[in-house]
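Before any questions on binding or motion, here is one chain by itself as structure tokens, the form predicted alone.
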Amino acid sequence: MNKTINRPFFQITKDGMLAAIDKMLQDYSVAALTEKNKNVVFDFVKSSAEISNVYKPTILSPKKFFFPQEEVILEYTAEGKVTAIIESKPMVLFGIRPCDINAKKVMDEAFAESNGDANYLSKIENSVIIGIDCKQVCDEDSFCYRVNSQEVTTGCDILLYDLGEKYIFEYKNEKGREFAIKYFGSQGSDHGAYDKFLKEKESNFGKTEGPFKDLEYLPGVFEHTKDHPIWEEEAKRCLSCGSCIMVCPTCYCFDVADELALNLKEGQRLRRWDACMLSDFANVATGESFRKEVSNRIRHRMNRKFNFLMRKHHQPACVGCGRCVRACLADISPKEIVEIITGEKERE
């Protein structure tokens, strides 16, 4: 079956893309992969020449641009004046990979609930998301293929396919179409180029283990794992440092704090990332904790990824990017935990 039927593909050379990015910089702030202190990070660039040509998994995901580690959400005075603070500027996020695109889908749904979060949604509204598809697994700790997050359906405005000297691309929505016409042009592309990319991708990912056993039934599987020995075993190693949460692209818990100025006449309300693996996360005002034991916190985190939020978002809330595995000082891996829970692997 030809998967390219009725899908508009266009092409642009690599040099043409760099020129397009420099053109974008006249109208937008552009964030992309760039090298900082010998590390590859997503950060704002001043020129296309600063963009890294080689993809390496970043420590922090691009969610930091829409859900900052810390942001002011209110300013107020002693007289009772309250002002909502919403900071949002036109931005292009260039080069986001499939795992992070799928993570963004989870974040988008979470912050659009109820009345919606104006801070997050305004940033998304003023942004153009340009993804680049992956042809193969990017890192030894990545396991996107186990949760099917190597595939992109929605979550970005434009998706590029790297063909060496050029990109072919498709726009995913009307915003992407209008943006592509303005900055990329609309030179048609032979669908055969996409077919070739797809065959190479399928071949590369076909050599992996494939999705978790009974992936779609994981919420039901996890419902019956409350007393599984894996939680106590992993708890013996866990340091409760919260590093896994802080680098996760789908974690959206936060704390809110008020900070008064020294004159005590004005103040700010801030929100900051918080982590369910931290010992005081589930503390209540009377001093009790709902999850005092480390084993309970690990079980809660894994259930968030493969049970509670999977039911809510209809996809695992773990996208297999591997950031938590790289950050964990105790070598705890969600991939290994799921394999043990499902019986794919025995505990060593």
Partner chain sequence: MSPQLNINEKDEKLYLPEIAKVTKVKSFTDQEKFFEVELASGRSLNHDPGQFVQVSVLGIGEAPISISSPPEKGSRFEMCIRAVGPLTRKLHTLGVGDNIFIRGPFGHGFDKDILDKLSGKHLLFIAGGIGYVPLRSLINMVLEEKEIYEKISILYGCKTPQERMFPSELDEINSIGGNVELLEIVDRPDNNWKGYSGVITNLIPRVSINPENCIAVIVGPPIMYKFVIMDLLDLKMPKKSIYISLERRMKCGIGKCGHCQMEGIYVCQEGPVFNYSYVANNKEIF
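Positions refer to the first chain, counted from 1. Not measured: the values here are computed from a predicted model.
Form predicted in complex with its partner chain: not shown, discussed below.
Among Ile73, Ile230, Leu163, Val137, the residue placing a heavy atom within 4.5 Å of its partner chain in the model of the complex is Ile73.
A heavy atom within 4.5 Å of its partner chain in the model of the complex is found for one listed residue only; from His191, Arg269, Arg177, Lys213, this is Arg269.
Comment: 219-227 is the region of 93-101, 178-186, 219-227, 198-206 lying near its partner chain in the model of the complex, near meaning a non-hydrogen atom within 4.5 Å.
Among heavy atoms of Phe44, none comes within 4.5 Å of its partner chain in the model of the complex.
Contact annotation: Gln26 falls outside 4.5 Å of its partner chain in the model of the complex, judged by heavy atom distances. In the model of the complex, Asp274 approaches its partner chain with a heavy atom inside 4.5 Å. Contact annotation: Phe290 falls within 4.5 Å of its partner chain in the model of the complex, judged by heavy atom distances. Although its partner chain is omitted here, in the model of the complex none of Ala49, Asn53 and Glu151 has a heavy atom within 4.5 Å of it. Contact annotation for 108-125: residues with any non-hydrogen atom within 4.5 angstroms of its partner chain in the model of the complex are Asp108, Glu109, Ala110, Phe111, Ala112, Glu113, Ser114, Asn115, Gly116, Asp117, Ala118, Asn119, Leu121, Ser122, Ile124, Glu125, listed in sequence order.
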